[in-house]
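First comes one chain, alone, set out as structure tokens in the form predicted on its own.
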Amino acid sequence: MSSILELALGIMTALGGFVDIGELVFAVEAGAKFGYGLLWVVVTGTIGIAIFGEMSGRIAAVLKKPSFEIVRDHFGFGRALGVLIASNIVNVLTCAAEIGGLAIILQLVFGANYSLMLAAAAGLLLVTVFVLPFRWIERVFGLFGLTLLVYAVAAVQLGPDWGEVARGLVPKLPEPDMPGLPIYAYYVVGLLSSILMPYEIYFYSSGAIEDKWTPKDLPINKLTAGVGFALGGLLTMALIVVGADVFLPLHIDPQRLSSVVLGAAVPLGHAGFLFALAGIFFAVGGAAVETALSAGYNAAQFFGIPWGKCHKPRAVPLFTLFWMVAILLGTGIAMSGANPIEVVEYSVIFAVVVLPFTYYPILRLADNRKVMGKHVNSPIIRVLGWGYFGLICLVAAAAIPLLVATHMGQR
């Protein structure tokens, strides 16, 4: 039973990291534009995040070093401060989008004013993170977020052409009647970036320390990284299939969270609608918690001050202040009238620029036999890790030019 509960960390990271508000709309929209043609991107990204997640968890278990402490030690104070600022800007933007997404779900349920629902969502997050210990945060959002599996059921119920689905796992250029190559490239970059978001690694490695992992827990680390992130990848592929089978034939561009909910309701009716609402609520809520806590983890680890949900809030006042400010700043951005979908797409694209500065120190340390000893990267993980790092650098270089050239994938 304890091993099953440990998997909640991986489940929450997967559902909150893969399937946040940006991934929900981004993946469905990718299916609506390109059919099954971008499924290969999800497979590629899922393998990458599992590799780096496992490395960060292994380092945390063996050396007791969370990710941002590794970043600081590798780059030094000055350059690491730049990474900290950039990372936490992305965290706050992402948190703003998630809070906006929670408000939309609450509005669909209660029909109340959007601003009132924003305040309710922020209040709920503040109370939840303040009161619940780390393990219960994992369990509540991770396990209840499993209702998002309704999209896997919906994808099967829609009866897709499985041969075409399989062909979508192989990279190919878009069909002539689909949007052009620049938009295709934008969605490739966006999907990869959303899967490899740096806050997932910050949260995952810090969570391993919160859970007091030791080298004895390395099998659990492999399970949580493998099962958790694979689950996130499965759900993302299901969202693409739903977009391809529900919206592509109707030539509808699903740019609203309510459209994503309808994607499950079309094949499964009222039950699909209710399960989709619940799944989105807990997945988006989990992502909001992850990004807020990641902002607190990053700042506290950088400055070397006490941190962790394993302590009472008064025992770690600056850490508590950091994550509370992240939620309040995110709420302020959402209150300004910013579109949650646009905010999260900007955060996803700009996050990819931070990725190399997050993953390189982790890869170097996990590759260091003098430090890691027998827990150093295996030869295959070393090759895959450096291969993915090269891919990350390529994606980082392409992200902003594609954002500008395609006007966020719209032309």
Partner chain sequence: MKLIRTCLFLAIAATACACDSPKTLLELDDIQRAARDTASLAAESALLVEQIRQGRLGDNYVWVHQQALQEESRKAAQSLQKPARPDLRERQQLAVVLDARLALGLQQVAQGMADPAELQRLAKSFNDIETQANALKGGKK
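Positions refer to the first chain, counted from 1. Predicted, not measured: the structure shown is a model, and the values here were computed from it.
Note that the form predicted together with the partner chain isn't included here; everything after this is about it.
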May I ask you to choose, among Leu108, Ala338, Leu234, Leu81, the residue with a heavy atom within 4.5 Å of the partner chain in the model of the complex?
Leu108
The unique member of Val127, Leu173, Leu250, Ala166 whose heavy atoms fall within 4.5 Å of the partner chain in the model of the complex
Leu250
So in the model of the complex, does Lys222 come within 4.5 Å of the partner chain, heavy atom to heavy atom?
no
Residue-level contact is defined here as any heavy atom of the residue lying within 4.5 Å of the partner chain in the model of the complex; does Thr214 satisfy this criterion?
no
Taking heavy atoms and a 4.5 Å cut-off, does Gly269 contact the partner chain in the model of the complex?
yes
Are any of the heavy atoms in Ser259 no more than 4.5 Å from a heavy atom of the partner chain in the model of the complex?
yes
Candidate stretches 224 to 232, 292 to 300, 319 to 327, 259 to 267, one within 4.5 Å of the partner chain in the model of the complex by heavy atom
259 to 267
Those residues of 357 to 395 with a non-hydrogen atom no more than 4.5 Å from the partner chain in the model of the complex are Phe357
